[in-house]
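Next up: just one chain, as structure tokens, the form predicted on its own.
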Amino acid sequence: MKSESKNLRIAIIGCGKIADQHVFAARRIGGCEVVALCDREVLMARQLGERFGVTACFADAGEMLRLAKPEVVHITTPPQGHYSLAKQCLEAGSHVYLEKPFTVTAPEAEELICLAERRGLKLTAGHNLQFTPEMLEMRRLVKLGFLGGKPVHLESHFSYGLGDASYVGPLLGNRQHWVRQLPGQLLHNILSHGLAKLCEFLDDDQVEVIASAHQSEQLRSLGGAEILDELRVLIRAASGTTAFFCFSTQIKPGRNELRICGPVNSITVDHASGSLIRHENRSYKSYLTFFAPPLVNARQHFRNAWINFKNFLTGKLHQDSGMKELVECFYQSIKNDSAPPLSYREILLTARIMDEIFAQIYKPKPPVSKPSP
């Protein structure tokens, strides 16, 4: 469904911290206008509106959809509200950007995608790390055939620190905190970023998943109760491609990387430094093996630094560049009636793998049998 208005009319439901980034991203793009804000605590919407000059603020999503008539709605609420709010927006005729995790369960994700397709509307997930400059370059190299074939093995590392007292403190101190009500608790709200990068290259809808998780000593000392914060996952697709995913609060310095191993060459993307390293399958004679590869890598690191410096000077490098790119691609898919930036297959596969991980690591404990008298 193509938009007939000059500027896309944008609304945001959920006016917490992340909502500011969405408004900033929309303003960097142009061709769109944030026309309405909504939050159950209407004061949150009004405060966001004051910061960005948006006057239409609502406490009820239905009223906002009826009066503001947005063409696109960004849903940035806690995940428990994603399914019902997205369904409401789709039924009102709005395209939907859902922050991660897309939904709480895979069946919810599948139902929303089916509804969007029936109504000729578009959905996307807030996997903005898929659209950083280094990920775009990685995708360009893969398309050019740098790997020498389809990926053989994938590795994704994603770290999260427990030092943010403003987030971790309320989470640990309140058993009713919305994060602790999710099936995967702390992991549920974070790990889709790291898993989504794998799902782009897992070419089967059904995969084998083996997950193992435990609680770190640090989290235990903070009173983490049943919360798990160390996760390791092995994945194998029917086609033979394998993958490893690691989520950790303890690895220092924190790692946020993707490594794609092909039959000829490999690529490593490091989000922490905004860099990409090519690993070419080259052989060197004699002692050159000890000198040439470090020099080649040093040259690549220097090139990455120079690219980042140029992007900073030209205003292309900023903290939420991935979100801006994703939002812009999503808006273009709406205006041009083209495929959304993230395939629905990838979104669903990410949700299904998450469901399987949580089923394994949080499976109910068997009842303790009482000794016979």
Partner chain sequence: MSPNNIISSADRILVTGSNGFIGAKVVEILLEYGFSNVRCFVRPSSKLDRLKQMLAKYPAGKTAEIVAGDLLSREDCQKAADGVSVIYHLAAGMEKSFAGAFMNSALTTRNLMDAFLEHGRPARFVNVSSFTVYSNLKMERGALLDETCALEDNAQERFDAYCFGKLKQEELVRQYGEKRKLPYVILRPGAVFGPGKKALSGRVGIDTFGFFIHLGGENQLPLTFVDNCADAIVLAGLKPGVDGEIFNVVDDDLISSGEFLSAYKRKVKPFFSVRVPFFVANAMCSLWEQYSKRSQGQLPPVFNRRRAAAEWKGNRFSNQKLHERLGWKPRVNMEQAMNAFLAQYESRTP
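What you see is a predicted model, and the numbers here were worked out from it, not measured in a lab. Numbering follows the first chain given and starts at 1.
One more form of this protein should be noted, the form predicted in complex with the partner chain, which is absent from this view; the next part is about it.
When contacts are defined as a non-hydrogen atom within 4.5 Å, all of Pro170, Gly315 and His318 contact the partner chain in the predicted complex. Note on the interface: of 61-69, 326-334, 340-348, 36-44, the segment with non-hydrogen atoms within 4.5 angstroms of the partner chain in the predicted complex is 36-44.
Although the partner is absent from this view, Phe24 contacts the partner chain in the predicted complex, with a non-hydrogen atom inside 4.5 angstroms. None of the heavy atoms of Lys363 is located within 4.5 Å of the partner chain in the predicted complex. Proximity of Cys15 to the partner chain in the predicted complex: non-hydrogen atoms within 4.5 Å are present.
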